[in-house]
Every structure is written in C-alpha cells, then in structure tokens.
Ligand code: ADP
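Only one chain is given next, in structure tokens, and it is the form predicted on its own.
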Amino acid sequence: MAKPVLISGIQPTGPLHFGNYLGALKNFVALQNSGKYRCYFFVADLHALTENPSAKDLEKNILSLASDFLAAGLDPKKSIIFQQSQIEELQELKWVLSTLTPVSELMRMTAFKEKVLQAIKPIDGEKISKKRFEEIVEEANFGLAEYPILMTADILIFGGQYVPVGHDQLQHLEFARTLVRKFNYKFGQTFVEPKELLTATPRVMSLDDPTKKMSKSRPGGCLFINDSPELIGKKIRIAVTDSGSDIKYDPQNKAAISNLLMIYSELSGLTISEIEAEFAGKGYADFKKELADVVIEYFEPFRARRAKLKSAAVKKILMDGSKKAHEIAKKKMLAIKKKIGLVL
C-alpha cells in the first residue's frame, strides 16, 4: 500500500528565524524521517510575490531557503524538494479552482485581512475604520486575496492527503476541503480532502518585546537560524527580562523569561519543569549564558552543513526535484482536464 502524500512549503522572504524553524522546518525534517509519508517540500516563491520583492532579492532568497532546507536535514533521497514556480500546472489548476470560488469568500479570509494590514504597516495601536479598510482592500494586490486558491492547488496537484499546519492555517485548509467537495460534486470524484497535521507550534515571541511575535520586521528581537554564534550570544544577552529574578514559566506575568524558557526547552529536549529546577536560585544572567550555549550548540551542525553547500549543487537539487514534481503534476492535470471536458 502506497504511503500517503504529505506536502508543505515555506515562502522565501528572507532569513528564517526561530519561529519559522520551530513552527515548520524542524517538523518537516521529523515528518520526513518518520518514514510514514511521501513528502513534498517546496520553496513557495509564487506566494512570496505578494510581498513585491525585487528580482535580485527573490533570487537570493530562493537559493538561501533551499540551502536552509538541506542544512536542516531535508534529504532529496527521502523527499521531493522543489521550486513552486517551476510547476506550470499549478496556474492551470488555480484557474479551474478560481471558477468555483465566490469572491466574497476570499474577502472574508482572516489571513487576507491580516496580510492587507501588514502590507500597510499601521502604527502600533492605530485603529483602522471600516471605510479605510475597504479602501486599503481596493488598493491591495489581488495575489493576497487568491493566496488560498493557489495554496489549494499546491496541495491537490500532487494528491496531498496531509498538510502540516499551525492553527493560523486551519481556515485555509478548510477552504481547500470546500473546493474539493465542490469540484467532486460537479465533475465526479477526483480529489481527496486534505487533512491537517496539527503541530504543537510554539509561539516564539520577540526578544526585545515579548508581547509581539518574533518577526523579520523587528531584527533586533529576532534570532535567525543562520546567525553567527557571537550574534546569538549578544541577542540573548540583551534580551529583555521581567521584574524579579525567578526562572519560572508564567506567560501571563513573566512573558519574557517564559519565551526564553520555551526556546531552551525546544532545543535542549528538557521539559520546562526540568529547566526551572536546574536554575532554581540562579539569576537571569546565568540562565541567558546557558541558553546561548544551548542555541549555539544546537545549530552548530546546521552551520557546518550549510557552509559546505555550493550554489550550483543546491540549484541542481531544486532543478531535479522540480522535474520530478512537474512530471507528477502534468499527469494529474491531464486527468483533471479530462474530468472537466477540456480534452476532446
């Protein structure tokens, strides 16, 4: 019996930070190595176009993300690793699916509204009126709205059965299941409804403001997985802490130290309770020094593997994976065209 298909991708929008790693890439490697799935992992460069990157930046970021994939442990012998934009059939399937999608449904997507607001980068605390928001939506690029249709095509063109997601992506996955039901009802059984693989995604907060998620837009509070050991040590050393000195996990009252404890636990394999016991009676400075050592040691193999990667070799892996993915997508799209009457 064939293993079920699992698929997911990451946008190449710059260096990956700890939130990206702990929320996605670390889990990708574990799922691949479980041996339970036929895995497809892709560089979501078409999705990244919604952020209007320059051609130079996009090209650099595609290669950088593919290098991160490989250095983190994704293996082209175990998974198909490919570049989204090289799969021409995605655009055909996206168009077919768009004809089954009411525009109003796209406008209601929570992620769409959030992306629109991110695009205009409102001042912290600024309230956006309904009228102003409607004006902003009218000005937004349509890629932000049709994002979930392309995401659905990403999954269905390869027969995706499982998608590793966090809670913030559940609405998009339900949208994909709705489109599957609509298509199957109209044209006959063609797709399976993809299921979520909910990950215990830790919510990594900024080192300089634990009330905000770690983000590339706040580089000072962001730990990037390709940071040098010296920079990791510096960022952790100056990370904000809470009043008092107890090393205790209490997100409500001690958000800063709780965020650091979570990172320590995720990378060390120790439970929060074990870490609290280890640092009982010690201060923040001792804890931060040990945390920096844990982070530096954890990513040492990653840095070593990444340093050995040559651009030409990474490009070849992407090209080879894209060719494999394209052959699979081409066969699937032909079957879809037959179903809907486009093949005479």
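Each form is matched to the other, and the largest set of C-alpha atoms that superpose within 1.5 Å is called the rigid core. Just count from 1 along the sequence shown to find any residue number. Keep in mind it's a predicted model, so treat the numbers as computed, not measured.
Keep in mind that the form predicted together with adenosine-5'-diphosphate (ADP) is not shown, yet the notes after this line are about it.
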* Asked: Exactly one of Val165, Ala71, Ala145, Ala256 has a non-hydrogen atom within 4.5 Å of adenosine-5'-diphosphate (ADP) in the model of the complex; which residue is it?
  -> Val165
* Answer range among 213 to 221, 236 to 244, 71 to 79, 263 to 271 for contact with adenosine-5'-diphosphate (ADP), defined in the model of the complex as heavy atoms within 4.5 Å -> 213 to 221
* Looking in the model of the complex, is adenosine-5'-diphosphate (ADP) within 4.5 Å of a heavy atom from each of Ser64, Arg306 and Lys308? -> no
* adenosine-5'-diphosphate (ADP) contact at Ala24 in the model of the complex, heavy atom, 4.5 Å -> yes
* Asked: Is Val204 a contact residue for adenosine-5'-diphosphate (ADP) in the model of the complex, using a 4.5 Å heavy atom cut-off?
  -> yes
* Verify the contact flag for Ile10: yes if a non-hydrogen atom of it lies within 4.5 Å of a non-hydrogen atom of adenosine-5'-diphosphate (ADP) in the model of the complex, no if not. => yes
* Asked: Might Asn20 be said to contact adenosine-5'-diphosphate (ADP) in the model of the complex, defining contact as any heavy atom within 4.5 Å?
  -> yes
* Relative to the superposed rigid core, does the CA atom of Arg218 travel 2 Å or more between this form and the one not shown? -> yes
